[in-house]
Structure formats: structure tokens, C-alpha cells
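Structure 1 and structure 2 below are two forms of the same protein chain, each written out on its own as C-alpha cells.
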Structure 1
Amino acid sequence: MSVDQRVATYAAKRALACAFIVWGIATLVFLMIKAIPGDEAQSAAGITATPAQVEQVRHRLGLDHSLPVQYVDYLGRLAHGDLGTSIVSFRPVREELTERIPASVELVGSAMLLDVLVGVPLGMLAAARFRRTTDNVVRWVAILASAVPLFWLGLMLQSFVGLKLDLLPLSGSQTIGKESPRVTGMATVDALLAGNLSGFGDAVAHLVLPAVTLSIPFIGFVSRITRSSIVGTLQSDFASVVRAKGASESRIVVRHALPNSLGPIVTFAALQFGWMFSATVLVESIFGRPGVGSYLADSVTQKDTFAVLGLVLFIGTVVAVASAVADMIQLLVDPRIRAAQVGAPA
């Protein structure tokens, strides 16, 4: 088998494992639906429904069948992309979701960029100053950062930077009147595509506070992962060989330790995409961004249980896929893992 074929085989296996996880999550969500107390048909039809309507919903959802049949039906509906229907707006969850994905991707993407740009150098610094004061300070900052309740941080930033200092817009994703035609659904990208520079600046300004909020706890995690991975490398035998070649400590960190730590860092970043996506539920509604997270938060507030569970399933899928992608990326950046997984250099 050629190397490409082996990589393809590995990718296929990983995809299969991912499919298993998604199926598992779907099952979990099915169980959650069954855990809803009371008559499911009544809940799904909404409190205002007439008994006839309830019976209609019961029939439509197959709730008059046995549990195994219901389960198979449920999986079948999922396979067709049916994530359920909102009991508030009576719109299919998928419809509203698709409209909102781009805004969330835009937010998560910029938050990831931020925390890698800050967290990785912070971790490198701590590793280079291993067990000295700087290291300890970074450690405290990291622990504090990962203990910050996101929703509160968002509110505080909004109150001080937005309200008191009036530096940045409080909410929304752009100022009315500065919008560009919707292409991707991401305000910044659409502005660029339309060549609308002031619109772009406006969209970025709207993005700053939510992105900073979302990234802070993750900066803590990224810096700690980076640090421990680099410290490990600096203590390995080859680091001493490089030192014996006459390399400076900073060269060892940048040229050797960092590339060796790329695997863990990149994996973490990919996993983080999933986690951040789920954390948007705490941030987006505060900043009034029309994303998946604020949809989920609204659904909770409106007791729209079926929408909530549909969204949980969707976000779970995003996380599972992100972790599969993480494994694939690692295969590409680390020749050792490549060797271990597919047996030969790519």
C-alpha cells in the first residue's frame, strides 16, 4: 500500500470512529428526550395545543409506537437532517441553525486566533523560565483565567469597556446601515468581499469584546498545555544535544521545543474549536450576536426543550468532528505520529 493509501485508510477509520460517537450522542439525546417528565406529545405540541393537535403530534412523531420503533424513527429523521421543531416558533431547528452558524464560526475563529496568539507565547515564556518567578506568575494567571465565569466577564467588559469608556460597541455584529450584502453570513468576511472597509472596521469592532471574552479561559488552557509540552521537550535528551552544539536557549525553545509541541498545541486548538462552540451559549446572547449560542440560550429561556436538545446534538457533532480533525492534523504535523499510524513518512 502506498503512503497515501495508508493515510486514506487511517482517515476512514477515524471517520468511522467519529460516526460512532455521533451515533452515541444521538442516542444520548434520545434518552434525554425520554427523560422529559410528563407527556412528550403534549410538550412537543406546546402548552397551547388542543387535544386533537396533541394527538396529531403524537402520531407524527410516532410516539404511539414502541420505544425501539421510536428510536429507529428518530435516527431516521436525524439522518435526513431533521433536528426537531421549535415549539415556540414552530420552525424546524435546522432552518434557523443554518442561518446562525456563520456568526458563531466567525466568533469562535477570532477567539481561537486570539488565544493561540497570546497563550502559546505565554506558555513558551513560562517554559523558558521554568520554575522561576515568571513561570509561577504565568501559572497563577492561567489558573485565574480558567476560573473566570465567561458570562460574568462578558458583562463586566461590556459594562466597563463598552458602557463606561464607550470604546467599543455593546452588542450586535454590525451597525445598522453599515451592513454588506450577505454572502457567507460572517459580517467581517462579507464586508471584505464587498470591499466595504468601514463596514469591515465596524464588524471587527463588534467582534472584539465577545472574542476577548470567549478566549480568556482558553488562554489559560493553551498556555498551560504549551508550557508543559515545551518543558517536557527541554528536559529530553536531544535538547541537551542541541545545547551541546552551541545553540542558545531561545533557539532551542523556538526551533526545537516549539515544533515538537506543535502536535499537542494543534490538537488542543482543534478540540478547542468544539468547546468554544459550546461556550458561545454564554457569550453570544450577552453581546446580542445572532449565532448558534444565542439561539440555544433563547431556547432555554423560552423552555423550548426540543430546540435545546436538537442544538445540543448539533454542537456535540461539531465537537466530535473537531476532535477527528485534530487527529488528522496531528498526523500531518508530526512525523512520529505519522510513522506510528501509517507506518511510513508522508
Structure 2
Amino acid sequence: MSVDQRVATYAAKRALACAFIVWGIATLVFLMIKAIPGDEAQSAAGITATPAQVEQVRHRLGLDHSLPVQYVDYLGRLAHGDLGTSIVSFRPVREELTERIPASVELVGSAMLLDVLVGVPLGMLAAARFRRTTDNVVRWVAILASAVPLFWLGLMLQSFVGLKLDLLPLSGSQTIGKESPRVTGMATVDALLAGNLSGFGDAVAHLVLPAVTLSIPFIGFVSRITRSSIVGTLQSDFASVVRAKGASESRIVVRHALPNSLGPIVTFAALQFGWMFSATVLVESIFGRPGVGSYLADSVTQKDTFAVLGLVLFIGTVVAVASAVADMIQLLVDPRIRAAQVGAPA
């Protein structure tokens, strides 16, 4: 079997494992629905529904069937993208979720960009000054950043930067009157597509505080991973040879160590996408952004059972897929991992 065939086989196995995880999450969500006290049909029909209307809803949702039949029907609906109907808005959860995903992607993408622009240089600086004062300072800052609670950090930034200094907006995604026509659902992108530079600046201003809040703990992780990866490369025989030729430590870090250390960094970035999506529940709620996280928080507050369970399934799927993508990226960019997993030459 060729290397390409072994890689394809590994990818298929990883995709199958991801599908199994998603199935497990879906099964757990189904059991959660059945474990919730009360009548599902009554909840879906509304508290003002008559008994006849409740029975009609029960029949339409297949709740008058046996539990195994309901489970199979439930998986069939999920396969077609049916996440249920909100008992608050009476709209399909999939529709409401689709409207909110772009705002969360915009926030997560901005936070990941900050991670790379800040975390990687910090890690490089710490590695270049290994076991010196700069290295110790960067490591302690990274540890503190990783340990900061998101909700506390968001509230402090709101209080100091938004209220006391009055530099940036406190909440929302845009100022009323500066919105652009919805095309992608991302305020910054829609403003650029409409040629609305004023609206673009306003959208960016609203994005800064939540993106910084979401990124700071992950900046700590990125800097630590970058540092450890580069330090390992700097201690290799290859680095010693380059150092013996007269290359400066900074040149070795930038030109040689960093490219050879990108595997773990890229892998973590893929994993980070899924983790950040789950962390948006706190950040979007604090800053009042209309994304997936705030939708989940609102649904919990309003006891919108089917919306909550649909969102839990969606976020769990995002994390599972991000993990599978991270494994594949690591396989492709790191010859050592490729050799261990599929027997390809390192």
C-alpha cells in the first residue's frame, strides 16, 4: 500500500471516529430530551395550547411512537439538518442558528488572528532568551493569561476601557444607523462589501473588546506551545551546526527553528477554533453580540429546551470536527507523526 493510500485510510478512520463522536453527542442529547420533566408535545405546542392541539403536535413530532422508533426518527431528522423548533420563537432552530453563526465566526476568527500576531512572537522571544529574565517574564505572563477567567476579564475591560476611558463601545456589533445590508452576516465584511468605511470602522470598534477578551487566555497557550516547540528545535544538532557557522540566535529562531516548529502551532490553532466556539457563550453574553454563544445563553435563560439541546449538539459537533481536522493537519505537516501513524518516511 502506497503512502497516499495509507494517509487516505487514516483520514477515513479519523472521519469515522469523528462521526461516532457526533453520534454519541446526538444520543446524549436525545436522552437529555427524554430525561427533562414535562411533556415535550406540550412544550412544543405552548402553554396556551388546547389538548387537541397538543395531541396534534405529538403526532406531528412522532412522540406517540415507541422510544426506539422516536430515536430512529430523531437521527433521521438530524441527518436532514433538523435541530427542532424553538418553543419561544416557534422558528426552526437551524434557521436561527444559521443567522447567528457568521457573527461567531467573525469573533472567533478575529481572536485567532490576535493569538497568532501576539502569541507566536512572544513564544519566539521567550525561546530566543531561553532561561533568561525575558523567558521567565514571558512564561509567567503566559501562565497568568491562560488562567484569567473570561467573564472577569470581559467585565474588567468593559469597566476600564469602555466606561472609564470611553475608548470603545461596550456592547453590540454595530451602532444603530451605521449597519450595512446583510450579505454574509459578518458586520465588518458586509460593511466592506457595501463600501461603508464608516460602518466598517464602527464594526471593528465593537469587535475589539470581545476579540481581545476571547483571545487573551489562548494567547497564553499559543506562546507556551511556540516556546516549547522552538526550544526543542534550538537544542537539536541541526541548530548547533547553524550556530557554529556564526548565525545569531534570533536568525536561527526566525529562519530555522520557527518553520520546523509550526506543526504543533498549526494543530493547536485548529483545536482552538472548536474551543473558542464553546467559549463564545460567555464572551458574547457579556458584550451583547448576536452570535451562537449569546443565542445559547438566551435559550437557557428562557428555558427554550429544544434550542438549547440543538445548540449543544452543534457546538459539540464543531469541537469534534475541529479535533479531527487538527489530527489531519498534524499528520500532513509533521513527518514524525506521519511516520508513526501511517509508516511514511520521516
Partner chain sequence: MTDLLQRPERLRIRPRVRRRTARRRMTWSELATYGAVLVLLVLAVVGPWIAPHDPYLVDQRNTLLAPSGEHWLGTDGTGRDLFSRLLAGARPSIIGAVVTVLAAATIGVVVAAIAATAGRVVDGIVMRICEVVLSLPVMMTGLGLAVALGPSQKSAVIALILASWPSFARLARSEIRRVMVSPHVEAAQVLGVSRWRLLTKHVLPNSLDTVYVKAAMDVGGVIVIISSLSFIGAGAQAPSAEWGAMVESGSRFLNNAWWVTGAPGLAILVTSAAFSLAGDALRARLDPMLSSSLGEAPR
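By convention here, residues take numbers in order along the sequence of structure 1, the first being 1. For the two forms, the rigid core is made up of the largest set of C-alpha atoms that agree within 1.5 Å on superposition. In this text, all values refer to a predicted model and were calculated from it rather than measured experimentally.
In this pair, structure 2 matches the form predicted alone, whereas the other structure does not.
Structural comment: of the residues V120, L207, G291, A127, the hinge joining the rigid parts that turn between structure 1 and structure 2 is found at G291. Interdomain rotation between structure 1 and structure 2 (smaller rigid part relative to larger, C-alpha based, rounded to whole degrees) is 12°. On a core-based overlay, Q53 has a Cα shift of 5.9 Å between structure 1 and structure 2.
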